[in-house]
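Just the one chain here, laid out as structure tokens, in the form predicted alone.
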Amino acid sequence: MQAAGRDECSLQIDKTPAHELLARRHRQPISVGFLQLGIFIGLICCLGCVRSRQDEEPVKLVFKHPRLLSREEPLHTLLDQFRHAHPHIQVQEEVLPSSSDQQHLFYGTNLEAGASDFDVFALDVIWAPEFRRAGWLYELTPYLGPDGLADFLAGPVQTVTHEGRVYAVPWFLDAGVLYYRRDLLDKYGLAPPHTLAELTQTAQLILAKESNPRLTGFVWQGKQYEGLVCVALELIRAYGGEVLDAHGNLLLSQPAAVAGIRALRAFIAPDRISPPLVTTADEETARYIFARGDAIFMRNWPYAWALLAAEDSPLRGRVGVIALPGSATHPGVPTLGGWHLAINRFSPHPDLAWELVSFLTSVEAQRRLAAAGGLKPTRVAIYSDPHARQDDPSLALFFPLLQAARPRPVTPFYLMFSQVLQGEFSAAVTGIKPVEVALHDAEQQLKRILALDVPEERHAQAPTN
């Protein structure tokens, strides 16, 4: 049977023409061979791709920032969440000294040299125009889409925008507010003050009736430093004045500026509602005096609220907070503070850096930082979010106060401005110089600074290779 089968098969093959047998014999091995070779090459390529992905190191992003919270766990938790969602990105935190001057020195020294060893960094609101003009900030406008920063409060947006272009994203903000001893005002049937005159009258009335010899009326930041500039600007604006207008004109010699600094000096003398030591006080000095029950009013930032409301605070439940008082003709205007997130223009990974900036400034990230650390968000939507308000009840209280905040003069020369203003404002409030003389001297010095201005060099969106 087997032989017969072979014979039948042989007979069938023998009937096939010889030239077709030859063609079939050559065609079949070549086709199969190429197919096998293609599969083999494909397998090698796939294995190579898998090995390449496995061997590829994650991109390292360095995030520079000062210590912004009393405890850093909320920020660390957010960064861990980002790392988990972006396994191809390795985020490395580097915390800078708490001194604003030291931070500015670090950034200025390194960015001027074109340093590319950090990618994302936090910068004070007053630095943004300077850093943008120097060409140190990567432009973020293309990442933001048509809505830009529409969901952010207007004050901080103003400091990061130039000619319609955005160079940083507001992260959180501060604004000057007035704290008051609610228990003392209630004791004498007094309402919180809305004008500077009411502030003085209320403080004088309570001081005359209280027996605490250490009690003073009003503490604020009068030391010769940036805090004094913030307070002085609030008093100038309370009378409708300004340091610099939108056209770059100096206004310190105007009556409104003179009236504001005179009012600040009057708190110490002749009204005597502020002690002379206030001229050496910063935020924490003022908070310490107020927190131990030795002041009726205090100008400070929102951070103090959580500390005054803490369980171990002697004033827990006895403090109120309102907008800064204005004059008889103008409302109070708080000075804007806070921090932005920016991308180093020399970063080799700006797209990945944007992923981190976008994440940390998102609604959810800002809500969690507000709930855990008391930082006040820059996104408007968070203030009306019921979950956010439940986590941080002070959001509803502070929103109208923060919304009214206005920036310090938005100029690339602000640090030079501040150095001049610190010295002259201090001379005025301590009585070393008459108010008019101090403001005239400040204006003359600021004119020389503005004369240094030259047309800006146009910087590319990113460095060219």
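Don't overthink the numbering: it's just position in the shown sequence, from 1. These numbers were taken from a predicted model, which means no experiment stands behind them.
Only in words, not in the display: the form predicted in complex with alpha-D-glucopyranose (GLC), which the text now covers.
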> Pick from Ser358, Thr141, Ser100, Thr280: which residue has any heavy atom within 4.5 angstroms of alpha-D-glucopyranose (GLC) in the model of the complex?
Replying inline: Ser100
>> Looking at Leu324, Leu153, Val125, Ile236 here, can you tell me which has any non-hydrogen atom within 4.5 angstroms of alpha-D-glucopyranose (GLC) in the model of the complex?
In response: Val125
>> Check Trp301 for me: does it contact alpha-D-glucopyranose (GLC) in the model of the complex (non-hydrogen atoms, 4.5 angstroms)?
In response: yes
> Can Gly260 be called a contact residue for alpha-D-glucopyranose (GLC) in the model of the complex at 4.5 Å between heavy atoms?
Replying inline: no
>> Taking alpha-D-glucopyranose (GLC) as it sits in the model of the complex, is Glu226 near enough to touch it, meaning that at least one heavy atom pair lies within 4.5 angstroms?
In response: yes
> Arg406 near alpha-D-glucopyranose (GLC) in the model of the complex, any heavy atom under 4.5 Å?
Replying inline: no
> What stretch, of 383 to 391, 239 to 247, 338 to 346, 212 to 220, brings heavy atoms to within 4.5 Å of alpha-D-glucopyranose (GLC) in the model of the complex?
Replying inline: 338 to 346
